[in-house]
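Just the one chain here, laid out as structure tokens, in the form predicted on its own.
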């Protein structure tokens, strides 16, 4: 990485020798196992990086911030370091880790049965994979209000699940699904009456179909169909009819981790642009010596530093037990929009070289685009900041 783009002493994400060593170890791991050429091959073949996943499991990085009794350790700052470094190269693995950490948080907080705790231990150890099934064809941001997936209680004491989930990351490779379904009709609030279930993917009535997406090709995105899937009551995570409120506890962490992913994408794109413009000569001079390219790259670096500062501040507040919801939203907003702009201008600076499928720049553009609308689209992020941060009237 360019020295100017490195984290500096005093940075919240580099405030300990252990975290600095973690960053160094991840970079070395990526260089050895998933260099740019390998990532490109997996992107083209739409193949999950099983070797990198296994190594992350071996190093104990799949369970960062999980309870120690399940093999976890570290905190959100370590998650951010891991995701940022992955996103510069094998970006699909960064996307996977965001889902992984969300499920770990849910199971650690609400997995009260022996089965749920066994799944959590296996998840942290890399022996199983779990996907989070929330969004539906008619609802993403407002999924609670329009949720059509139903959980109907049956005489056996269990439930029958029926409905469809969509845009579910990693479902094709998952052994389990965390499924949100409406279990009661409660008029006073759309977020009440929804229950969270831990469901094996091999049950009769479950069908998973891959969706062909623009980017993040090394992690499946899927439709999940639930056709009268019978589950026992023990599959409930947390409390009956309180599943949606339980999910809210994970949303801000997911947004903060998404900020780290897009920060990594932006840094990766800026590094490529700097390297190319230093080496590419026109009119007898390197492209990097011209004023317009310099301004573009400086503006990009400023945006990324602003995003990093917000992200680090949010992480420190969360670790201290405070509420960093708004700061996490700001970090995700700036980082996601910066990543798209930097990778797009990076392709412009590189010309045809940035447009070829062999170039990492075009892949970073495709992959980074995801987080401008996930886990929450940036328009809704602005709406919530207007209400929660500035005290403006609700706009939706």
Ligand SMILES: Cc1cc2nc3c(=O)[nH]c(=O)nc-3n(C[C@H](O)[C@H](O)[C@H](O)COP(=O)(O)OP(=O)(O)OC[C@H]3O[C@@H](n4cnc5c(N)ncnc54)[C@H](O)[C@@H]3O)c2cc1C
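Remember, predicted model here, so these are calculated numbers, not experimental data. Positions refer to the first chain, counted from 1.
From this point on, the text means the form predicted in complex with the ligand, which you will not see here.
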message = Residue-level question: is residue 144 within 4.5 Å of the ligand in the predicted complex, judged on heavy atoms?
response = no
The ligand contact in the predicted complex: residue 133, any heavy atom under 4.5 Å = yes
query = Closest heavy atom of residue 277 to the ligand in the predicted complex, within 4.5 Å or not?
reply = no
inquiry  = Taking any heavy atom pair closer than or equal to 4.5 Å as contact, tell me whether residue 149 reaches the ligand in the predicted complex.
reply    = no
In the predicted complex, segment of 191-199, 163-171, 119-127, 299-307 with a heavy atom within 4.5 Å of the ligand = 163-171
inquiry  = For the ligand, considered in the predicted complex: do all three of 29, 39 and 47 come within 4.5 Å of it, counting heavy atoms only?
reply    = no
Interface residue in the predicted complex among 72, 238, 140, 158, criterion: non-hydrogen atom within 4.5 angstroms of the ligand = 140
ask   = Ok, 347, 370, 327, 61: which has a heavy atom sitting within 4.5 Å of the ligand in the predicted complex?
value = 370
query = Can you tell me which residues in 360-396 come within 4.5 angstroms of the ligand in the predicted complex, by heavy atoms?
reply = 370, 373, 374, 375, 377, 379, 380, 383, 396
